[in-house]
Structures are given as C-alpha cells and as structure tokens.
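Just the one chain here, laid out as structure tokens, in the form predicted on its own.
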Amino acid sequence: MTALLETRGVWQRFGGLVANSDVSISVGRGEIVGLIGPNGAGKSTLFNLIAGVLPPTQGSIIFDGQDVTNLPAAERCQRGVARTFQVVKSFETMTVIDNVIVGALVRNTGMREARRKAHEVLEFTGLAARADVLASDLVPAEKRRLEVARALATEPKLLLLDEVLTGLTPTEAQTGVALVRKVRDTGITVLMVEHVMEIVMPLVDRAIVLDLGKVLVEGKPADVVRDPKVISAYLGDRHAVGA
C-alpha cells in the first residue's frame, strides 16, 4: 500500500514544552487509521501540523508525494487535506446547507455548482432533511455530521476526524461508524483521533498510539490493545485482564 501521508521525524516545541518528539508515521491510501493516546499525548498538535495550522519545529510532512511542510492550511485543503474539529466550529447563524457550501467553494467557484455539491454531500451524510435549518438548531450528533459534511464538500483525499464519535449515544456512535466506513468506501483515506476505544478499535485498520509526544506503538488494533506498553500508558488494568 502506497503512503498518502507521511510525517518524517516531526518535532513541535512550544518554548520548553515538547508536544511532538520525532514522530514518524505513515498512512496508506484507502486506510482508516486511529490516532489514540492519553490526554496530553500530542494528538491534537500532530493533527494541527498535518492540517497546516502551524509548521513543525523540525521534520517534514509529505502528502501525496509532495513536501507540504511549509504550506498553509488553505493550500493543503486545495491539495486534498480536510479536517473536522474537536470543538465543533459550525457557522451557527447560517443554515446547514450554507455551512456545507462554504466547503464546496474550495473546488467550485460558481454558487450553482457549490450548492449542487452541498446537496449531494448532505444526502451522503444523512442531513438532507435538515438543509434549511440553522446550524445552531442541530443536536450535537447532527453538528458532528455537519462538520464531516463540510469537510467532505472540499472533495478531500485525506479526511482528518477529530473525536467525531466522542460524546454520542451508542446508537449515534454506530451511525457515525457507518458514515466513516462509507467515506472510506468512496476512496477517501481517514486518519482519526478518538477516545471511545470500544467503538474505534473495530473500525480502524491500524492504530497508532502516542504517549508524551512520541509514537509508543502501532499496528493492528487487536495487537495494540494487548501491548503491555499501551496498557500501562493508556488503557488500564481492565484491558490487561481481558488480554
């Protein structure tokens, strides 16, 4: 499997704080990869580096065969990197469809085509019936899907999902899992940060565990959850007993 995304020896320092330390990961085309770890492990910082919110202190980021280390977020989006946010960032005073049109305008300069694309994405994500509702009137699970819809409207090659399943009911979470699988089935690669282990581990093809800013271990989900280092750093004794 060829890599769509690589981080090579990435460091991120904020003064004396090291948020990411020599992080080298690879995400293959068509994969769903889970990025997991305890709070403060450096997951969000790594997401920001990949998305182009800020450049790394050291190291490089390769996307689709090109070095994008110093490209801003808007340029990376043009090249096919889209993301959602841990804290939902919808435009609350705009309708659902207008939120998605914002994403569609990345590829479609005309409003007619952008609106057509937005309708298509809303059908795909199960939000078509809510198209004319204000984003502020959506329930939390719908707001999560709106984030995904707006990102998909940019027609990405790589979708970065930041805790899209966190805080949902079991039924809502399963709907979210089904949506992530649908996204991958269209050919889009998915890298996701998630804390709901019981849901995310059956979903992902591989898991990468960060701890204290470093890659602790990576591999198949079944192997990762049984790794003593992961149990000690993150999962806890109940997983050790189950192993």
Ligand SMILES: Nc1ncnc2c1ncn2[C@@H]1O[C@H](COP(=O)(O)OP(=O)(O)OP(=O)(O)O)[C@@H](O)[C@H]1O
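Predicted, not measured: the structure shown is a model, and the values here were computed from it. Residues carry their position along the shown sequence, with the first being 1.
The following text describes the form predicted together with the ligand, which does not appear among the structures shown.
Engineer: Would you kindly say which of R29, H195, K214, R181 lies with a heavy atom within 4.5 Å of the ligand in the predicted bound form?
Structural biologist: When the ligand is considered in the predicted bound form, the option within 4.5 Å is H195.
Engineer: Can you tell me whether T186 touches the ligand? I mean in the predicted bound form, with a 4.5 angstroms heavy atom cut-off.
Structural biologist: T186: no contact with the ligand in the predicted bound form.
Engineer: Wondering, does Q86 line up within 4.5 Å of the ligand in the predicted bound form on heavy atoms?
Structural biologist: Residue-level check for Q86: yes, a contact with the ligand.
Engineer: Look up in the predicted bound form whether E163 has a non-hydrogen atom within 4.5 angstroms of the ligand, and give yes or no.
Structural biologist: Output for E163 is yes: heavy atoms within 4.5 Å of the ligand.
Engineer: Does any heavy atom of T69 come within 4.5 Å of a heavy atom of the ligand in the predicted bound form?
Structural biologist: Judged by the heavy-atom cut-off of 4.5 Å, T69 is well away from the ligand in the predicted bound form.
Engineer: Based on heavy atom distances of at most 4.5 Å to the ligand in the predicted bound form, which listed stretch, 58 to 66, 173 to 181, 40 to 48, 199 to 207, is the contact stretch?
Structural biologist: Residues of 40 to 48 come within 4.5 Å of the partner.
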